[in-house]
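Single chain ahead, by itself, as structure tokens, in the form predicted alone.
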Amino acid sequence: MSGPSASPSPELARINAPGPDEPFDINVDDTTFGKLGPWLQAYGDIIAITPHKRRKPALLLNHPEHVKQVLVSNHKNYAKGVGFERVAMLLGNGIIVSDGDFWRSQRRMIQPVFHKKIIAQLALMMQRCNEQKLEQWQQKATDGTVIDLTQEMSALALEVILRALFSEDLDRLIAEQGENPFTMLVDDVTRDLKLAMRFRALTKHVASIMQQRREQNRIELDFLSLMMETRDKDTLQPMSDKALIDEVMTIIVAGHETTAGTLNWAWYLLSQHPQIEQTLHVEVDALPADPGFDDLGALSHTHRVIDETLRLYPPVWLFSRKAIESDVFKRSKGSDVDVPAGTDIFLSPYFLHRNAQHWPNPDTFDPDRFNDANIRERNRHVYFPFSLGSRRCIGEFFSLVDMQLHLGLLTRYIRLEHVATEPVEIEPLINLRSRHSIMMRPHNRTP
């Protein structure tokens, strides 16, 4: 290997895996994104990286068995990793950020909130939001208006998650404030300290809604009321107000950005692959009426389109963990890799999802990768857009239902044509977004 030399720390000297000489601290940014691909090509599926400013060595893992070990089979040995400090400024100590006994208690209390029966009831709200979007796009198609797809998907996803949390209290909040204060997440795509401080200031609105509901002894069918009513199974205590508000803020950001980003990419991919789009049209046109929750089983190709979009553009492209105690990663060739306690571990769905050893023609958009036969043949841990194991995204089912209902309805009546104003590029920050807005021209169609 060649490159800038560095004196390895004692911990790094014990990691017997190849890697670059260049000292480097992995982050969610363009520089890291640009380096990881070539490094994986040069050094294989397990790479030792010398820290630059951090004090502990790092390992980049790109094999499904190692992903399984960190996230599933030996997950208790891996705590949250570096980079969560930035997320905590935005989300507080919600379940994405928290760890240990507090995280386990919060996770147990929140899990029932996302039960299938609850999502089925909220699906009616999703349908109404999508029907309003359909009316807007039909008018814009008639007028020949070009839409900013990226912004529109962001606004739609935000409305759905806010209504899932606050029900009609969202309308009261908008009336009181003269606008929706949470739209800053659509208008300001930065996720810096200034935005984090502005967003955290919105916790006062959540606290106010909670107080009103308590004073009125009012329970709604939404996430907020369900979380206010839930109790820890061991202590029988509710969440503290601070903990509850942190979970609300976490759900707003995570629920909004995952769905918005995925739908942004899905519509773009469909616009570039007319045969796959035509198969989708055949499926949605065959429905006896506009799709609802009970029709999701008939939208199998729609689901595969979403799965394949998540493969190519996983919302969180880099996960970090930290080894609590030492561990060993086995390799099919070469000696096993000893992992010292404290080692920073990095897993990238983006790069594993595009690894040609596991995905033939990995850069090709092919939803049939997710038919039953191909899923059975594939290592189940090679695909993890929502993470895996105990820390798998709690809102995964909610997001998938939301996206299926959206595409199922909108593609019955609308086709989007890409208008190339800016290059379509990835912006690899905390979430994998398009660097520029994707512009589309809607066209009306008849099922």
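Computed from a prediction, not measured in an experiment: that's the story for all the values here. Numbering starts at 1 and runs along the sequence shown.
The following text describes the form predicted together with protoporphyrin IX containing FE, which does not appear among the structures shown.
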Task: Non-hydrogen atom contact Phe386 with protoporphyrin IX containing FE in the model of the complex at 4.5 angstroms - done: yes
Task: Contact flag, Arg107 vs protoporphyrin IX containing FE in the model of the complex, heavy atom cut 4.5 Å - done: yes
TODO: Report yes if any heavy atom of Gly395 sits within 4.5 Å of a heavy atom of protoporphyrin IX containing FE in the model of the complex; otherwise report no.
DONE: yes
Task: Any non-hydrogen atom of Ile414 within 4.5 angstroms of protoporphyrin IX containing FE in the model of the complex - done: no
- [ ] Please determine, with the chain shown alone, which of 33-41, 52-60, 387-395, 374-382 has non-hydrogen atoms within 4.5 Å of protoporphyrin IX containing FE in the model of the complex.
- [x] 387-395
Task: Triplet Ile95, Ile251 and Gly255 all within 4.5 Å of protoporphyrin IX containing FE in the model of the complex via a heavy atom - done: yes
- [ ] Quick one: from Thr150, Thr309, Ser348, Thr259, grab the residue that has a heavy atom within 4.5 Å of protoporphyrin IX containing FE in the model of the complex.
- [x] Thr259
Task: Heavy atom within 4.5 Å of protoporphyrin IX containing FE in the model of the complex - the one residue of Phe199, Phe329, Trp359, Phe319 that qualifies - done: Phe319
Open item on the list: Within 4.5 Å of protoporphyrin IX containing FE in the model of the complex, counting any non-hydrogen atom, which residues from 65-86 show up?
Closed with: Lys80, Phe84
